[in-house]
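Only one chain comes next, encoded as structure tokens, the form predicted alone.
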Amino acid sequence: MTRPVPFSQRRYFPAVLGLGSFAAFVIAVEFLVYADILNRFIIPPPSDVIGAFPRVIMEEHVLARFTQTALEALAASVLVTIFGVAGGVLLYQFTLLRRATETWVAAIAAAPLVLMYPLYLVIFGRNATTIVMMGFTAGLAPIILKTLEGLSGTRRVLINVGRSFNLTRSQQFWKILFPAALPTIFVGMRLGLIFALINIVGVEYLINFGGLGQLINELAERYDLAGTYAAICFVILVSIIVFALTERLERWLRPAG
């Protein structure tokens, strides 16, 4: 007779736990606001935020803004993935280049690159290209570093097996190095996409041009706190979509994982 599977080990338990924890958090914030423990002039009641969604969707053209920010995030994601992975491979292949630039790449990853937006405005103008390029610049360094880490961390025994089969450098890269480095590369992609999305929304806010960042700016200037938090929820939705696409790509490239 088979024993029943404990509820905590069922497939849908993590999702139920996550949604339940979020609902408990929202209820707790609602209680703390109405108990005057949290300042409602800084944190609006979650019920007001939920009630602001129809108004933000209908009056603020949020779907068009959401689409613009999502497309900018997608464009920046494609660019940072292509150039970030290529940059990591380049540093792995050329040891001298790696020694000369790895420290600088790490320093760029820690720098507040969003402050460069006036320079990008001069170069590209006040348009979506500036926003995409800011996201691309911010997300590039983490992917380069994690790609380099993944390739450098490939087990020596795997490389030796490839040599024993007389694989060419190209075959060794595509059949051994790249598959072994994929988990670390995807960690770098997630970090890079986080940095890119933060800078995309931040620059939209700073230059007051298109997308959800501009909407947050406008609602904040009107001191519409509930609407501002509702717009921030749409930013989180963009992040969820981007990360979901990244997970699907990882499953496609690593079907055995």
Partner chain sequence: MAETGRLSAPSLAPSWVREHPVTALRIFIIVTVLLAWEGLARSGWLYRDVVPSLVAIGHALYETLADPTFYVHLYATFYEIAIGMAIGGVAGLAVGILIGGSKLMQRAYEPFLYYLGPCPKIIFFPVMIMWFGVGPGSKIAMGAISCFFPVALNVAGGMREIDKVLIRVGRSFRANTWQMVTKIYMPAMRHPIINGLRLGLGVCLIGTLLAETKLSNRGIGFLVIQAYTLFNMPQMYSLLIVLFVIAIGANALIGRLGGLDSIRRS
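The term rigid core refers to the most C-alpha atoms you can superpose between the two forms while keeping them within 1.5 Å. Given the structure is predicted, the values throughout are model-derived calculations rather than measurements. Residue numbers count along the first chain shown, from 1.
There is another form of the same protein, the form predicted in complex with its partner chain; it is not shown, and what comes next is about it.
A single residue from the set Ser152, Asn127, Thr101, Gln171 has any heavy atom within 4.5 angstroms of its partner chain in the model of the complex; that residue is Thr101.
Val114 is the sole member of Val114, Ile176, Val85, Leu79 with a non-hydrogen atom lying within 4.5 angstroms of its partner chain in the model of the complex. Contact annotation: Ile123 falls within 4.5 Å of its partner chain in the model of the complex, judged by heavy atom distances.
With a 4.5 Å cutoff on heavy atoms, Ala180 does not count as touching its partner chain in the model of the complex; it lies far away.
In the model of the complex, at least one heavy atom of Leu97 sits within 4.5 Å of a heavy atom of its partner chain. Its partner chain in the model of the complex is approached by Ile42, whose closest heavy atom lies within 4.5 angstroms of it. Heavy atoms closer than or equal to 4.5 Å to its partner chain in the model of the complex belong, across 180-202, to the residues Arg190, Ile194, Ile198, Val201, Gly202, ordered by sequence position. For Ala230, a C-alpha deviation of 2 angstroms or more is recorded between the shown form and the other one after rigid-core alignment.
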